[in-house]
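One chain follows as structure tokens, the form predicted on its own.
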Amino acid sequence: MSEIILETKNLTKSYGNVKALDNFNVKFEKDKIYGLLGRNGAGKTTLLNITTSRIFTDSGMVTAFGENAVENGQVLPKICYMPEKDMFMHKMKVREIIKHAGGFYADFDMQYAENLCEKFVLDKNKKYNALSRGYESILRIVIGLASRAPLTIFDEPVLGLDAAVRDIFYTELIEDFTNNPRTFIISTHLIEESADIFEEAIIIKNGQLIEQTACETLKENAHYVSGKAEAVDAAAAGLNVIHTESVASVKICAIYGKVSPEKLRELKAAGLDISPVPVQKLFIYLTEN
């Protein structure tokens, strides 16, 4: 049985009349890479901030490593959270920030941090407030990976990074995860390019968990069915249709859910085209209002 290292139970958090989280329940297992997905305002950052005691829930609880996580001095050093927004003192130099982080996390690998700085061409003598947006992200990546914390969380880790540098990050993440297994939670809007590194996707909509499943299952269960409108309507009857559109005389339905190979062959025999739904599109359809 897999070990649960982080669990939320009935988390509810409101800002005025807006419910950021609504009786939210989720479990994260040891040594997995999770993609935390949701539109702006879905509740992702609120969840991460509550998990790391940056803010507090109105009701419900968070347990981490078998203990109540709220302001727990035994638990919090096991969690490295690199948020999207500034968290470092602006006048500190990069090397000072990395040294400070090295003193907080028990398993911090300073040599690995040095190697990452070289790989990402991060100038350790620069002050934080002199870094570009991209290099701010790189500094958070360096600390997050080098922390070797049992639970490492990145909120939008690749903001401001070009495609080549993002690719270095994904490669480093997989390599270091392979050599030093631990749990990663990665919140990102760049779903299509990062989906391949996730073992499970957690999708949040309006403060509620709407899907938690293996990414491979997510992709296997999503199909476009296209053809003449009458044939598509007949084929889609009884299936979970999450999106429809028409182009000229062709109707396209996106269906989500397990469909047997026999059913897919039947649809193809009826002259319909069956094709996979890109992960980014699937996310959009599942989170539409």
Partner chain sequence: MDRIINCVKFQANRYLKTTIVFTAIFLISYFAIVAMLLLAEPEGSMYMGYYVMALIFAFLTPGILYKDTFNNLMLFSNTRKTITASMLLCTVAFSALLAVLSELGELLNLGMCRIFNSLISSSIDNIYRDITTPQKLLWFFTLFLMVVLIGNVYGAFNYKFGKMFKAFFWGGFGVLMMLSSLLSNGQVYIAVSNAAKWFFGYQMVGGANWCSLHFFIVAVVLGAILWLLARRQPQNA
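Positions refer to the first chain, counted from 1. Owing to the predicted nature of the structure, the values given are computational and were not obtained by experimental measurement.
The same protein also has a form predicted together with its partner chain, omitted here; what follows describes it.
- Annotation: in the predicted complex, residues R54, E71 and I97 each come within 4.5 Å of its partner chain through at least one heavy atom.
- With the partner omitted here, the residue from F177, F120, Y112, F88 that has a non-hydrogen atom within 4.5 angstroms of its partner chain in the predicted complex is F88.
- Picking from 166 to 174, 186 to 194, 205 to 213, 75 to 83 the stretch near its partner chain in the predicted complex, with a 4.5 Å limit on heavy atoms, gives 75 to 83.
- A residue is said to contact a partner when one of its heavy atoms sits within 4.5 Å of a partner heavy atom; Y135 fails this definition for its partner chain in the predicted complex, lying far away.
- Put simply, M92 is close to its partner chain in the predicted complex: some heavy atom of it is within 4.5 Å.
- For L131, no non-hydrogen atom is located within 4.5 Å of its partner chain in the predicted complex, even though that partner is not displayed.
- Residue contact with its partner chain in the predicted complex: L161 places no heavy atom within 4.5 Å of it.
- Although its partner chain is not shown here, in the predicted complex the stretch 101 to 128 places heavy atoms of A101, G103, F104, Y105 within 4.5 Å of it, in sequence order.
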